[in-house]
Structure formats: structure tokens, C-alpha cells
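Below, in C-alpha cells: the form predicted alone, a single chain.
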Amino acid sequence: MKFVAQRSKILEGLLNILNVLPTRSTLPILSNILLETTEAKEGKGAGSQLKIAATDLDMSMMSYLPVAVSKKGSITIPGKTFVDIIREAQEGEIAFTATDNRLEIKLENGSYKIGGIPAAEFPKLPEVNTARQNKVSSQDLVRMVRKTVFAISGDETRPALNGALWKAEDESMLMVATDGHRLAKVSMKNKKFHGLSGSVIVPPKALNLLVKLIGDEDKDIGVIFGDNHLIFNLEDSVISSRLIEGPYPNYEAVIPKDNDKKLIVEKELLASTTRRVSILSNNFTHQIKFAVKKDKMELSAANTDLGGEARETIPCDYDGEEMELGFNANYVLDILKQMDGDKVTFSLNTPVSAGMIFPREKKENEEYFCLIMPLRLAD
């Protein structure tokens, strides 16, 4: 294998691929990146390409970069070492030559050699059948992920909660995530969703990588719901993720139907006050007491280890009965970050029942809310 590539182009692709490599693995091949020179993908125009790929067996990623190939071939090499060399190289063209499972990297003023493993030993990568894919707006999907992924559970004893539920039906999509203490649900209607149908539980690693790759770019991406895999086709990159086995818990059963007390408050004011008061909250529970009264709410916290207390009062729009509720400050802040607009609405019932938080300003064809479970206040 022999090819020449621009340092900036190959580094960009490698840094994205690096997100897939497992931090630890008993299989040496999984710490390697596959390099394979290939013909240009269909529809990408004339010229040769370099396919780079990585996998942790649960998720894989392939990227295609334009390079000048003089001899076809393939090899796998230690991913982190390879990326470190390219990262520190000076800008310009770099020549790569692979012979006898060794890769030589020729820079302007020197060369580096790395031992590799034959590409034949690399795990089989999924095939992308574009005839089965449906197109989805990248920004709609990114928005749904950002608004829910923070609530995914890390508790491995409840594996179904270790991912986000993504459902598509007719011309609507919804995404739900919960860790048992909080829940985030967003749904959208859009004619572009037509044809995409199914229900899958997607691990956060794949969702976070998707958001990182797309960023603010607005385009349609291909989505394929498989039996046990989900594939995102971004044209120059393909992400494949093993799905989490269901069923997903009946989240609808925990959404309260009788929260009749409404509290409206400035979002940034509540967030900044919560951050300040939480400095003196319990290091383990991060509990803050919300004492809600007519047109004002008092936030307070106490930390017995420090012998400290904090208390602040802010205005709000509320005319229901007085209540005292306990919430985890970090959970409140995570939710407020995802709320659009200047104000949020709390929908409450009792101090021991789930509260709901809605953005005061709603986006057309979108519904979004978060649920937060209260903490029992100490007497």
C-alpha cells in the first residue's frame, strides 16, 4: 500500500475515528485503526480514497478521505500512536508506505515506522445498504439528542436505561431518556420523517459522536434501523452502533397527569441562583430546598461538614399553595441548559411527587419537557 495525503485532511478524519477506540481492550486489534486504500465511493466523483475505520465491537466508524494512491493495500496500526505522530507533524503532504505489516510515514525531514497487524484480522465492518436508508434532517436529530442524552442512566443493572429510546412513526419522531431520577422527552413532526419507522434504544456513545461529527452543519443524513444495529450514513463517514436490547420501561406511567400548580420563573436567574446556593449543598445529594410562596421562591442549602448555609430569594409567578420541595441542584441545572427562551414553567403537585419543567417558548412542531423527582427533605 502506498499513498500521499495532506496532513490536515487525514488528521481531521483520525481525530474523529479516535472517539471509537476502546480505552482498554484484551484484544490488541481493537486498539488499531484500519487503513485501506479504495476506489471512490459511488457518487463521490473520480479518484482514489483512503478508508479509515475503528471499532470496539459495539460501535464502529468508517471515514473516507481523498488521497493520491499509487499502490492499493491495507493494514491496521496502533491508533493512538499513529494519531500522535500525525498530530505533531508539520503541515503539508505526507507519504505512507505499508510493507510486511509495517507502515512507514515519510515527513519532509524524516520518517517514522510502526508495526501493524494484517487487515484480515480486523473485525468485519457492517455493510451499508443505501437502498434501505431513510433521510433525516441532521439538525433535527442533533437537537433531539442534545435535549435528552444528559438524562441517560449509567446504572448497568438497568441496561435498557443505558440508552435513549428513539421512535419514528408516520411523520413524527420522539426521543426519551431517563435515569429514574429525571426524564427528558422531545417529539417532533416533520414530513421529512416519512418512511422512517421503528423503535430502538441507542447507546449514548453513538449519539454523542453523531453530534460531534455533525455540529452545526445542516444537511440530510441517512438512517438505517437494523435488527440489532443502527447505522448513520453521513456520506464521508458511517457510524454503526449495536442497539441496546429492550423493552424500554413504560415511561408514560411516571409522567404525572394532575400537576395543577404552575410556577413561572426567569431561566437564567434560577440557574445562577441554583449554582451559587449549591456551593453549600450536601456533597453527596446536592440537595437544594425550594420554598415556593406567592410570587417568590426561596432557595436554600446546608452543608453540615462545612458548617455552612446558603439562602436566596428570587421573584417568580406563582399563586398556588405554599410548598417546600427538595431537588438535586445538578439535575435542575442540566435541565435548564436545554430549555429554550428566557423563562421556564414548573408544573407541580405535591412535595413528594414528580415535577415537570417546560420551556415557556415553544418551537413549532416540537414538544419538549423534563421530569424531575424530588428529594425528601430532612425534618
Partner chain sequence: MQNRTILHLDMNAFFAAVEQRTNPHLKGKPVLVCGNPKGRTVIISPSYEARAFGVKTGMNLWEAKKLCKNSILVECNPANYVEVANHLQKLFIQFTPLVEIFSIDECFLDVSGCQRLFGSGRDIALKIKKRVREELDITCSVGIGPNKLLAKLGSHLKKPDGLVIIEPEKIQQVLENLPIQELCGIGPRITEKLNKLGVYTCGQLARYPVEILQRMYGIVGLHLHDIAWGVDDSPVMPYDYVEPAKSVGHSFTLPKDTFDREVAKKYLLQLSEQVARRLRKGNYKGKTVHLIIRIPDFTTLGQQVTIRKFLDEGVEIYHTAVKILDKFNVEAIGVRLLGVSVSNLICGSSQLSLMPEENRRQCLIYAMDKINDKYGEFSVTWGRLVSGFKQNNIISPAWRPHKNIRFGYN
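If you're wondering where the values come from, they're calculated on a predicted model, not measured in any experiment. Residue numbers count along the first chain shown, from 1.
The same protein also has a form predicted together with the partner chain, omitted here; what follows describes it.
**Q** Given a 4.5 Å cut-off on heavy atoms, tell me which of 348-356, 312-320, 23-31, 66-74 is the interface stretch with the partner chain in the model of the complex.
**A** Looking at the other structure, the answer is 348-356.
**Q** May I ask you to state whether residue 156 is within 4.5 Å of the partner chain in the model of the complex, using heavy atom distances?
**A** Judged by the heavy-atom cut-off of 4.5 Å, residue 156 is in contact with the partner chain in the model of the complex.
**Q** Could you confirm whether residue 178 comes within 4.5 Å of the partner chain in the model of the complex, counting heavy atoms only?
**A** The answer is yes: residue 178 has a heavy atom within 4.5 Å of the partner chain.
**Q** Quick check on residue 306: any heavy atom within 4.5 Å of the partner chain in the model of the complex?
**A** No, no contact at 4.5 Å.
**Q** With the cut-off set at 4.5 Å between non-hydrogen atoms, does residue 60 touch the partner chain in the model of the complex?
**A** Output for residue 60 is no: heavy atoms all beyond 4.5 Å of the partner chain.
**Q** With the partner chain left out of view, which of 97, 282, 259, 133 would have a heavy atom within 4.5 Å of it in the model of the complex?
**A** Only one listed residue qualifies here, and that residue is 282.
**Q** Just one of 264, 269, 254, 160 has a heavy atom within 4.5 angstroms of the partner chain in the model of the complex, so which one?
**A** It is 254.
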